[in-house]
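A single chain, nothing else alongside it, follows as structure tokens in the form predicted on its own.
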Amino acid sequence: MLKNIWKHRWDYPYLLPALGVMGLLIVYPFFYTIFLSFYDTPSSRPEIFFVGLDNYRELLRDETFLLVVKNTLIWSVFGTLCPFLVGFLAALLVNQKLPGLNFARGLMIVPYAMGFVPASHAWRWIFHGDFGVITGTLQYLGLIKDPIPFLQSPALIMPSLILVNTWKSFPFVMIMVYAGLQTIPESLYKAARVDGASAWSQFWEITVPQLSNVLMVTSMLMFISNMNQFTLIEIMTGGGPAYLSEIIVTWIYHSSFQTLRFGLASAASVLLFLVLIVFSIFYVRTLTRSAVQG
């Protein structure tokens, strides 16, 4: 190893600019966040004060933060499961040899191609209680009398956000699963049909096992992405009302730039990082295992 490093010693100076940028934008903020998590940063004074683990203790005792953690789990689990199921079924559909499916494939990719900012603003107006498309249509048809407060109701706000995330994210699952379906040898299905296997048996005995690595990688990647989702929730609800749609990422942002409690927000960032690093390890191991088996 040392011999190879010495052999390529003149190549490393070319990496210094990139390493410098990475250090400035990634490494320094990472370690400074850990450092700041042990300090109190009062907005009334320019000094910071060492408080040890007090920020972490406050987080674990704070009922609001515990509600945010609960919201994050609900959002991450159902925000992964719902798009996954819809995307999986869509992939099975577009994998069929039926007329018009090429157009359907292109149409179903549109939500994924749309940016989160315009999509969030569009759905915010669709869900609007007074002027939204859904409420207006239902009132016009005489099905409801009073407006439906999708983004204000404690019972509807999280399902509404998950619905939007499902619409936005299912094409990613569809693309991943569809690519996996294309790699399954047709000879396996032919042999199963010769043996008299039903379509349901072929699905469970051939399709699902052959897609196991793809399904695992896709679900973990989506779960990690959902835990870091900021734009959709911030634009549509801002974490409200009463923290009912707040997740850890948006809570960190609000704690940092609205209440200026950078130490507390840094402690929450460290906790979130520890959770994400566990899932990232599983993701990398699954990805590596898939590459080895491939």
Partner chain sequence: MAEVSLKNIVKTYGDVRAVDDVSLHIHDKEFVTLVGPSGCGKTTTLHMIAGLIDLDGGHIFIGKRDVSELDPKDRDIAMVFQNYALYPHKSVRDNLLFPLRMRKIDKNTADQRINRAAKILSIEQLLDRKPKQLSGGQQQRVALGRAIVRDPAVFLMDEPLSNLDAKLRLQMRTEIKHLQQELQATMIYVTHDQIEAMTMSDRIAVMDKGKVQQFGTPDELFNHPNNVFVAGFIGNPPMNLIPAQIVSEGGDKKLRMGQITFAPQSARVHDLINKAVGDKVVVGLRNTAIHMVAAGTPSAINTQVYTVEPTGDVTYVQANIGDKMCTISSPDVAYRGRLGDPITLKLDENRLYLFDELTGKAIV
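The structure displayed is predicted, hence computed values, not measured ones. Positions refer to the first chain, counted from 1.
Missing here is the form predicted together with the partner chain; even so, the following discussion is about that form.
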Segment that reaches the partner chain in the predicted bound form - one of 206-214, 125-133, 85-93, 69-77, heavy atoms within 4.5 Å: 206-214
With the partner chain left out of view, choose which of Leu188, Met114, Ile224, Leu101 has a non-hydrogen atom within 4.5 angstroms of it in the predicted bound form. Leu188
Interface residue in the predicted bound form among Leu81, Leu163, Leu138, Ala197, criterion: non-hydrogen atom within 4.5 angstroms of the partner chain: Ala197
Quick check on Ser201: any heavy atom within 4.5 Å of the partner chain in the predicted bound form? yes
Does any heavy atom of Arg193 come within 4.5 Å of a heavy atom of the partner chain in the predicted bound form? yes
